[in-house]
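In the block that follows, a single chain appears as structure tokens, in the form predicted alone.
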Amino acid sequence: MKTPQKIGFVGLGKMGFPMARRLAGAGFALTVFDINRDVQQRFVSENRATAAGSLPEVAQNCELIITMLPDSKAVRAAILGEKTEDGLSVSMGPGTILVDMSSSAPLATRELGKQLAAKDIEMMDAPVSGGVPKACNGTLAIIVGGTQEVLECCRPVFEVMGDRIFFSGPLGSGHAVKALNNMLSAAGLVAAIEMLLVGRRFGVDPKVMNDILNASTGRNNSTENKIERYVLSRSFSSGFSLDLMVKDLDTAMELSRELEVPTIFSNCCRELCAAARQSLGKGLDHTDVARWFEGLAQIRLGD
């Protein structure tokens, strides 16, 4: 199989925009689509790309289609269509490759893959980890589920967007690992916030304590990359929303229930984050969860 050169990209959000920009900069023939036409127009005005007027138009001349959307429901609607709107599959010919790089539900991905296979369309899931900064500089971790053959075909495409590409197994496994990773990441964030609040109440400066944690066994991604930059600074601007984090935690819990694996601690973490979202409201950064814990403790970590 040859590496696709004509690529369609659906979803120019906070992650999708810089990912698609890297593909355009690498010289791929790129066709883009976003329901926000202002964002779509801004992208084509800033990059070498073609704007599609509809989802079927994206797929008309593309060998590879990438979706970067909020959830499985949005991905399914974009591919198969919804109500009176046609989806990508209307124009996807046999042999087309569909790569869902969203954080979708693994079981839904498997079901969608079966439907596309009946049309001789190859599907892979390739969710990413690393956030907006790594999407911008092309250093994302990309977790690929599907077949090794199609992965190797698309590897040069992935290498433009990420510097660590992992083959996780059959279709859906990438989405499974991504959801489980985000659960572990959320647990690290919640634990770090709680411990810093205890330290603050005792009289330890949170920045000093965070520095100590990062030199000790308690360090994690949140202590190293989020606490000082987004929480202590009070910017709460990591680029990953609390809404999406709770969605990913729901996906991880749904998977654990389907597989009948008890995840007691993880479920507690999910409940805490969901409570924070309900209390704080929608549209906030996931690091805003610290403000909810501060409210409970009546302590403020940052100045």
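The numbering used is simple: start at 1 and walk along the sequence shown. Predicted model, so just to flag it, every value in this text is computed and none were measured.
Just so you know, the form predicted together with nicotinamide-adenine-dinucleotide (NAD) exists too; it's not on screen, but the next bit is about it.
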| query | finding |
| --- | --- |
| Among the candidates M68, A49, L242, C62, the residue which, in the model of the complex, approaches nicotinamide-adenine-dinucleotide (NAD) to within 4.5 Å (heavy atoms) | M68 |
| Stretch in contact, per heavy atom within 4.5 angstroms of nicotinamide-adenine-dinucleotide (NAD) in the model of the complex, of 115-123, 128-136, 200-208, 213-221 | 128-136 |
| Proximity of A26 to nicotinamide-adenine-dinucleotide (NAD) in the model of the complex, heavy atoms at 4.5 Å | no |
| Exercise: R270 in contact with nicotinamide-adenine-dinucleotide (NAD) in the model of the complex, heavy atom 4.5 Å | no |
| Contact test in the model of the complex: T96 vs nicotinamide-adenine-dinucleotide (NAD), heavy atoms, 4.5 Å | no |
| Partner proximity in the model of the complex: V289 to nicotinamide-adenine-dinucleotide (NAD), non-hydrogen atom cutoff 4.5 Å | no |
| Residues of stretch 1-29 in contact with nicotinamide-adenine-dinucleotide (NAD) in the model of the complex (4.5 Å, non-hydrogen atom) | V10, G11, L12, G13, K14, M15, G16 |
